[in-house]
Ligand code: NAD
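Just one chain follows, in the form predicted on its own, and it is written as structure tokens.
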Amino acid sequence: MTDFACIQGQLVIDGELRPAQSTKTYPVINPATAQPFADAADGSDADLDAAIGAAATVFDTTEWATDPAFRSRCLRQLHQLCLDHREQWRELTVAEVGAPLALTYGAQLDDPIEGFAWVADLVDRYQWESSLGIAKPFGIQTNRIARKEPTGVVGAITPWNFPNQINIAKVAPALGAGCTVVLKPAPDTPLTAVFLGWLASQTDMPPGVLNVVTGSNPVLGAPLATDERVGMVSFTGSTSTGRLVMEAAAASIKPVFLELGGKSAFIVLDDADLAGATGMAGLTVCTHAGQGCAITTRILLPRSRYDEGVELLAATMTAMGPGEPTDPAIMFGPLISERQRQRVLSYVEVGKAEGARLVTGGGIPPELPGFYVEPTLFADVTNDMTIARDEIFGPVLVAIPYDGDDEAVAIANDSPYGLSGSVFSADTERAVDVARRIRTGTVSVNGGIWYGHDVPFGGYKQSGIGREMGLSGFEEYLQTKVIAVAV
């Protein structure tokens, strides 16, 4: 761990590694062992204030906001540094997040790193100004120019489940747009964010372009929503916290991007390959211990094939036992903390109390020392049960029967969330028709993958506001100015 020993107990403010002003640190726990493995700086509002000040100053006084070619060059430098230090970052990610090693070759690390190159390419080809043509409003001949400009300082608040992916999905487009950033990661996963900030400090970016403030206080990032020097807040996390961010930002009419919770439906149509569909559903809910906002956690099975489907699911999920995340064959690691494990287990008790049938799992595997929960399947679930309404954020799947495509769509849409979903059918056209009727931000048909740097991600209803990644995600960080020139 020598390559990231220098970041322990450090923040990144104004281009420098520095301790918290209080000099306090707190332990970072490895979820697979339940033991501390490193220390992080325990930042405070004073550190956040310094970071905001640095970000505001560099935005106002340097060429960062006005020189796209310079930004593109710096992003490419950062991309190369990420590649150069990737193996050390990978080791840190497995230890801090409890992420299975196999996932770091995808969405937990390697795929997000490529986002810097994708954004740099977009910056190079983006049309920052466009003509709206000449017109004569009020009889005055005028040339109208639409111009895109960075929104200013961005406060980025990120969760612990896929920290590299979400940190980079905010930082890369914000920097590419010309914004400066104060990144406040989750208390559980501080060092992956500091590692990114440390790499950025080694590029030609002016000091203060990217700042990282960590801390054990879960509401440390609150001033980002209220400080008038911050032009925008980009938040990923729970819907309940997202409401608080939105309320706080309203005082200064600050734009917010919110990527929040989900309770996505996996619809198996009556003509589907039942074994294939249930195998995919069981694998999905167990991957990274179910700690993903877009994971499908309600499976809708045709009533005529319900019992068979539940039996197949039970076999798949029983075989998907958790394991040590350093094992390259493992996709199912620990939950992030004991607090999260107890939350998941409390939902298991709620499900049993409300009359759902526990088919498999629901407990703690005795042979593993970390924060593990067994893969858990509930059957005989109705869509009004708590376990079918709330985001549990663990390896818990609920099976709901339905009659006909219309009822399947109605059940899928009967949720406060609308983030993702899946449809399986032997008839692709039929599956796509069902997918079009689901009110959700992303839908997979027959195992199709919607994730990509060029794909906008976000949700309907209480799953959030705006889109992350893709052109839409890039433009979240831009303002539109119109310049009217009399000619």
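Just count from 1 along the sequence shown to find any residue number. Nothing here was measured: the structure is a model prediction, and the numbers come from that model.
As for the form predicted in complex with the ligand, it is not shown, yet the points below apply to it.
Among the candidate stretches 193-201, 269-277, 156-164, 91-99, which one is within 4.5 Å of the ligand in the predicted complex when only heavy atoms are counted? Looking at the other structure, the answer is 156-164.
Contact flag, P218 vs the ligand in the predicted complex, heavy atom cut 4.5 Å: Yes.
So in the predicted complex, does any heavy atom of F116 sit within 4.5 Å of the ligand? No.
Does A55 make contact with the ligand in the predicted complex, using a 4.5 Å heavy atom cut-off? Output for A55 is no: heavy atoms all beyond 4.5 Å of the ligand.
Heavy atom to heavy atom, is V212 within 4.5 Å of the ligand in the predicted complex? No - in the predicted complex, heavy atoms of V212 and the ligand never come within 4.5 Å of each other.
Using a 4.5 Å cut on heavy atoms, which of M385, L244, L283, A315 is close to the ligand in the predicted complex? Going through each option in turn, the one that passes is L244.
Tell me, out of R341, K254, K184, H288, which residue has a non-hydrogen atom within 4.5 angstroms of the ligand in the predicted complex. It is K184 that has a heavy atom within 4.5 Å of the partner.
Using a 4.5 Å heavy atom cutoff, which residues in 242-265 contact the ligand in the predicted complex? It's fine if the answer is none. Residues within 4.5 Å: L244, V245, E259, L260, G261, G262.
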